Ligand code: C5P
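Take a look at this single chain in structure tokens; it is the form predicted on its own.
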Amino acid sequence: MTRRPAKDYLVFALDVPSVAAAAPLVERLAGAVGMFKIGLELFVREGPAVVALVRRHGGGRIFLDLKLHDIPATVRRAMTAVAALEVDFVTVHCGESPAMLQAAVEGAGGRVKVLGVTVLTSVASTDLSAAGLRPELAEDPGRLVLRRAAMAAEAGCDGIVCAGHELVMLKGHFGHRLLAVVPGIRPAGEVAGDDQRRVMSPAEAVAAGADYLVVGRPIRDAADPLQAAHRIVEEIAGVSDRDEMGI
């Protein structure tokens, strides 16, 4: 495991509807998390203004989670526009087209890291079956994730977004070639109670090889978001400490 500050693993998802709602969270959590994630809802409403807000007050890195999915030419142009915003990560769906992934990487031009979204953590086998995937892929989402991760690696993507349960398999195949960004994170002992189905605790995910953990609701909806973030960082630090001690 790479030795790095525990907070650098933590990506806080700014899943709020406006700059007005985002600003106090950014100011409160600046310095307590390693990165802020700006999702589709917030970016559609506020555009580059919210990127500027996070850069001005967040003091950290920026993950623009747009999950681009379109014809290759459109994705290439969109990624070029995103790269001009000087963010750190941006997402594109692995989907059905290797050409789309390649276009995303070309559009990024090395100015922003491209992450391929494999299978959403809200998706279960029944959803994949209903979408028409072959039984061997629908019944074992990990097999589909591996296939899509291979597409992302071949296209030149910097990393993937996956569920925590797929980390060991993916790290075994790709090692450090692909960054692994993991949403669906819930602190130890907390039940998901939302649309996330494939979830994992911070400690479990880091121990399995996650490079970044995306956490939204457990921090945003806490009575004290800063304290909630600190607790997650402490859980991550505990894994790092045990690893250094060889436990």
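The structure displayed is predicted, hence computed values, not measured ones. One-based numbering along the sequence shown.
There is another form of the same protein, the form predicted in complex with the ligand; it is not shown, and what comes next is about it.
Here the chain stands alone, but in the model of the complex its contact with the ligand, taken as any heavy atom within 4.5 Å, falls in 59 to 67 among 25 to 33, 201 to 209, 59 to 67, 42 to 50. In the model of the complex, the ligand sits within 4.5 Å of a heavy atom belonging to V215. Contact annotation for E235: none of its heavy atoms lies within 4.5 Å of the ligand in the model of the complex. In the model of the complex, the ligand sits beyond 4.5 Å of every heavy atom of L101. Taking non-hydrogen atoms only, A13 approaches the ligand to within 4.5 angstroms in the model of the complex.
For the options L170, V82, V119, A155, the residue carrying a heavy atom within 4.5 angstroms of the ligand in the model of the complex is V119. Contact annotation for 158 to 178: a single residue, V161, has a non-hydrogen atom within 4.5 angstroms of the ligand in the model of the complex.
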